[in-house]
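Single chain ahead, by itself, as structure tokens, in the form predicted alone.
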Amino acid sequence: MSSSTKLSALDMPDVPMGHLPEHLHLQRTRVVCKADAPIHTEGIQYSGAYASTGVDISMGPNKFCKNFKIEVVRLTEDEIEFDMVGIDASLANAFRRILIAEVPTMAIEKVLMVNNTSVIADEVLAHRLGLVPLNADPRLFEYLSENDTPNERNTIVYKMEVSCKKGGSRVTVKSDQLKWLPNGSELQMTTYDSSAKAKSYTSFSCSQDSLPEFSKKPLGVRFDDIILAKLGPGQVIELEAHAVKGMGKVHAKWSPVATAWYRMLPEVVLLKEVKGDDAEKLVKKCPVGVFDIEDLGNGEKKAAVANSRACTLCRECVRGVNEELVELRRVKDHFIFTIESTGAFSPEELFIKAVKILEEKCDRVISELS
């Protein structure tokens, strides 16, 4: 090569084209958890960030559909755990926030106290009643606004009447004492006009149990054994509770999830071989059993990563002399998502509803921009 020929730095063999160098790939796709603090926590969104290496990290619909996937790991009646791969943390957090605050449910909003001589104050008892999960599908009900009259399509009425006899033992009041009143309120509104016709607090045109959607599934409570109060001898609780449709962003009692959370997939890497007594010490250090001993034969043993998914990031394995042996990482686009339902919907239904709500939001933004 003549001395007059100019060679670009990008053409040099040590600069790979079309893919990122290992250290940049690690910085872009992993959070590295050091003993004192994590590094590489920022997300790189700019599509031309690595243009000099010929790498395009832009995210279009086709590329997203190709990389995105969901894998269900565990599913029970009330809980689901699944992996979401190929999305940004902002999108995972959007699903979490929608699940907590924007999926509607039914919850007790108004409590009419007739008699309460228990040690629990009226407002505390009303608050406890509001948090009792109801076995009612909110899709079958309408929202109740300030100007609406409570009717069979927007209100569920429950009654509780419990007493403890004088001289008897204490009585535990549980959620199964809430009895559904399909005909609406049985209490009469106070009126100062003696000639006026007595009115109840609801205006049902028909009984709710006569409606086909409620006839086969009574509108009870989800769990019968929730303790609400305890009564001593001579104490009484008599009340009527009205449940309406709402969202968790108004009050937590309308949140359909007991918890909805996610974490990035753990990745535990052994930077060097750990053998002998050091391997035994490393295995004992981890409280959740991430490491295991691998028998090499001839009495030799070495440590191996057996279950990196179980890592809770306690950092015990990277403290002290092990910091140069073990590296803890988190995969930035792989989230372990857990949803625990309160019972209004199954956990898999909740996630589908969250997706639909996010889709509706996107449609609204597009329509407003256009």
Partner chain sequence: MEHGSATDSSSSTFSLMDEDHTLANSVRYTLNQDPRVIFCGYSIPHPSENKVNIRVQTTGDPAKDVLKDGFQNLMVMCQHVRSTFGNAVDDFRANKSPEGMRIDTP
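Because the structure is predicted, anything quoted here is derived from the model rather than measured. Positions refer to the first chain, counted from 1.
Below, we refer to the form predicted together with its partner chain, which is not included among the displayed structures.
- Annotation: in the predicted complex, residues Ser47, Phe64 and Lys361 each come within 4.5 Å of its partner chain through at least one heavy atom.
- Heavy atoms within 4.5 Å of its partner chain in the predicted complex map, among the stretches 80-88, 176-184, 234-242, 216-224, onto 80-88 alone.
- For the options Ala279, Leu125, Cys286, Ile98, the residue carrying a heavy atom within 4.5 angstroms of its partner chain in the predicted complex is Ile98.
- Listed residues Ile57, Ala304, Leu325, Ala310 were compared with its partner chain in the predicted complex; Ile57 is the one with a heavy atom within 4.5 Å.
- Contact annotation for Val72: at least one heavy atom lies within 4.5 Å of its partner chain in the predicted complex.
- Although the partner is absent here, Ala94 lies within 4.5 Å of its partner chain in the predicted complex, judged by heavy atoms.
- In the predicted complex, its partner chain lies farther than 4.5 Å from every heavy atom of Leu24.
- Interface membership of Lys356, defined by any non-hydrogen atom within 4.5 Å of its partner chain in the predicted complex, is confirmed.
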